[in-house]
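First, one chain by itself in structure tokens, the form predicted on its own.
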Amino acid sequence: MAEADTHQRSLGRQAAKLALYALGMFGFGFLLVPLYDVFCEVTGLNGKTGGKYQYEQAQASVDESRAVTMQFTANNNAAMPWEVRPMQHQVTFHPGELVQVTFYARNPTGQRMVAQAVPSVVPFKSADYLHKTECFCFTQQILDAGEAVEMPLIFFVDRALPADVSKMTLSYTLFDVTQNFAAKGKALSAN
């Protein structure tokens, strides 16, 4: 009988350990995205760009001694049916110079949808020097069925950009956030 009780307690401890392990894994999975964001912010990896930046024309100085080429790409998350593309595939400019380009998006579906653009820049070390003053990534984009829109992007690259960086690529990935938008209680009815 004592052997059966010992075996039973051993199984109980093992079950408790497995339950704690499963709970720990759930917690880790839940915290993974915020931890990844902190990791990217600290290390500068993943080329995440910052939020809206204020460009002061009076304080801006352009470094005309060097040129930087910015290439643009856009793609969709697997579940996003929109057509999205840069209208200019690349531009060359001087650090400190304000640059404007345009992206095209079209909702080919038969329903109103909401999209969120997520930017990334390479080389990763250049992300801290890219400052966007206007970007369609700052807000969610709502397009009616069949609607198309041109979305402006206005940015400049800081003069402190490392000298070995002469070419950058700014990429956007569009995600369908229609369900999240509706879940937050925001109406998708026409304005």
Partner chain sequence: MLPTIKKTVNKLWSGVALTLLAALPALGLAAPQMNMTQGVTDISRDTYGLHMTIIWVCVAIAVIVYGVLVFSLIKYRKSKGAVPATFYHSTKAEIVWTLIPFIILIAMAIPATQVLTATYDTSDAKLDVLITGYQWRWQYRYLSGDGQEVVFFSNLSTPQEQIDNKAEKGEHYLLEVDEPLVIPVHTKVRFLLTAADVIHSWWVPAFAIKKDAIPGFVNEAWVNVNEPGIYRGQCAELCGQQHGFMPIVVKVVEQAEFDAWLAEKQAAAAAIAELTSREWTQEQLIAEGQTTYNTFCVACHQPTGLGLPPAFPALSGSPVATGPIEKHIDVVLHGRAGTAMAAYGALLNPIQLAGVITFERNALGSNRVGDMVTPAEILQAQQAAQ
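Positions refer to the first chain, counted from 1. Fair warning: this is a prediction, and the values are worked out from it, not measured in the lab.
Unshown form predicted in complex with the partner chain; subsequent notes refer to it.
- Annotated contacts: 83, 176 and 179 all touch the partner chain in the model of the complex [non-hydrogen atom within 4.5 angstroms].
- Contact between residue 162 and the partner chain in the model of the complex is not found at the 4.5 Å heavy atom cutoff.
- Although the partner is absent here, residue 123 sits close enough that one of its heavy atoms falls within 4.5 Å of the partner chain in the model of the complex.
- The shortest heavy atom separation between residue 67 and the partner chain in the model of the complex exceeds 4.5 Å.
- When contacts are judged by a 4.5 Å heavy atom cut-off, residue 146 counts as touching the partner chain in the model of the complex.
- Residues are counted as partner-facing when one of their heavy atoms sits within 4.5 Å of the partner chain in the model of the complex; in 83-102 these are 83, 89, 90, in sequence order.
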